[in-house]
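First structure 1, then structure 2: two forms of the same chain, each alone, as structure tokens.
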Structure 1
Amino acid sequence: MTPLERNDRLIRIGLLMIALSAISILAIITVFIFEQGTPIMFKYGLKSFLLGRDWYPTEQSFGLLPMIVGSLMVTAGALIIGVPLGLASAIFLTEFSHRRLTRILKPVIELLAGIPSVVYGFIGLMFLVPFIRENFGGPGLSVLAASIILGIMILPTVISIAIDSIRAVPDSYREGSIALGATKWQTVRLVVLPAARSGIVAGIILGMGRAIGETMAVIMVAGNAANIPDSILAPVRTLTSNIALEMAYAGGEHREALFATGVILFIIIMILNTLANVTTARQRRK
């Protein structure tokens, strides 16, 4: 082996070590969160954590059901608001508008993806919450407020990925459809959207991940009552806000219960990630 070759081998091993950093970090995070969070779940029983409705952690009552339901409700709400708006915008910008308009608006929308979540939360607190309180009743801090804010937050993600995947559909598909006498909308609905489907779905899943993982904006507008909401005007607490709200003070089992919250959040996110990976992989294969 020449010195040069040996050097190259050393470099390769060094780079491999570095390359394994991402997966090791993931492993360390997983180990830490589970190590801190699972013992208490088994001590009091998985059932009492997942199905308990009472969250009084200083009195050993650790029901996380309200937060699990809360996270799911708010995320569903975000999708109900964000997906139609986002998809419509993407379709409009790719198929129905002037090229020049698209060339201006797409970057603008993508730039807005960088606005920090606290800013969204703040706008929600200043404008949306009082609006809901005065016009629909309730405290304003509510499922509705959180859903709308999250829906707006995921818009840039949904729009920009949907635009990319709609653009990736070859023009020959459209030309063929138009040649057969279809209107533009028929073409979009019957040809373009089905072809771009898995990309759009991946974008939606990404947006969903962002919504379910968002913390600060939700704390600001959701009201954080640890109770299963009985209407969309009632306050709600998500898994993420449960952690962030109480972490500062928690000690002993209370803190462990917050890590248990993290474990459940982690599992939900991992399921979503795998789903997203599978869908994008399917698209790549196409």
Structure 2
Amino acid sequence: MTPLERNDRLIRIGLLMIALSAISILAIITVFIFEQGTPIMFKYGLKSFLLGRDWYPTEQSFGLLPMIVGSLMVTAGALIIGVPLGLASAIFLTEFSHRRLTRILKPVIELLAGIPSVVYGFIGLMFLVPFIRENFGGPGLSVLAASIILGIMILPTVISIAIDSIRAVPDSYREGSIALGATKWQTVRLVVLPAARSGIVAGIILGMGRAIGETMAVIMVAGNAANIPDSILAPVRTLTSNIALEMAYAGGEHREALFATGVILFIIIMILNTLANVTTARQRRK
């Protein structure tokens, strides 16, 4: 074996060890969460955890339904706000704007992903919450406030992946459509977007995973009431907020119940990531 071949082999082994270490860390985290969280779920029953409405750890009542509903409402609101805005931005930057403008705006949009979530939460607490309270009623700390903040936070993910998916559509599709007499907007709506659909859906799913897993910004603007919200102006507590707010002082079954909350959240995130991978693979095959 020559020195060059020996070096290549050492590099391959080193890269393999790094990859295996990342997988091992994920496996350890998964095993730890499930080991800590599943016993209490079996003890009290999965039904009581998923469908119970009362969260009173001191009375051994661990109903997660308000937090599950709250997470889904906030995430749905974020998608309603973020997806149309993100998709419209991606279409403009790829199909209608000047390339020089795109080179300026795209890095600025991607910079939003690097802003700490606590900054988004602080801005929401100082400006958005008072605005909602004064103009729409309620305490201001609400589903609506959390949805708006998360809708802004998922924009970089949705826009970046949508731009890449739209750019991946061959120019021959556009040229053929225009040659047949279609307008620029008809070409985008009827040809480009359907061809990029799988990639756009993957970006939306990843944005959904970002929204449902966000903690700090949601804690600051959502109100954190462990009740099923009856409107978008009502306070809400999400699964991630529930863990972050109570883990510091929890003990015994209370602590185990918070790990069970993590198990449920982990399963939801894994489902979303699996859907994203499937849609991305479908886009590659096309």
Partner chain sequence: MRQAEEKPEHRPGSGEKFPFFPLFKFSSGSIIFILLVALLLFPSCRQGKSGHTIVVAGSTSIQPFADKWAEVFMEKRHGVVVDVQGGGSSAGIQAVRTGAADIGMSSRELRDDEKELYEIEVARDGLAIIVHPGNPVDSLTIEEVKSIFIGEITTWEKFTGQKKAITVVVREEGSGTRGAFQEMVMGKSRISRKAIVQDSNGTVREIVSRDPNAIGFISLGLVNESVKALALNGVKPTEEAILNREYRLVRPFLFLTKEAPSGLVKEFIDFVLSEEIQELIHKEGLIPVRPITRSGG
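Numbers given to residues start at 1 and step along the sequence of structure 1. Please read all numbers here as calculations on a predicted model, not as lab measurements. Heads up, when I say rigid core I mean the largest set of C-alphas that superpose within 1.5 Å between the two forms.
Between the two displayed forms of this chain, it is structure 2 that matches the form predicted on its own. Core-superposed comparison between the two structures: the CA of I271 stays below a 2 Å shift. The shift recorded for the CA atom of N7 between the two structures is 8.6 Å, with superposition on the rigid core.
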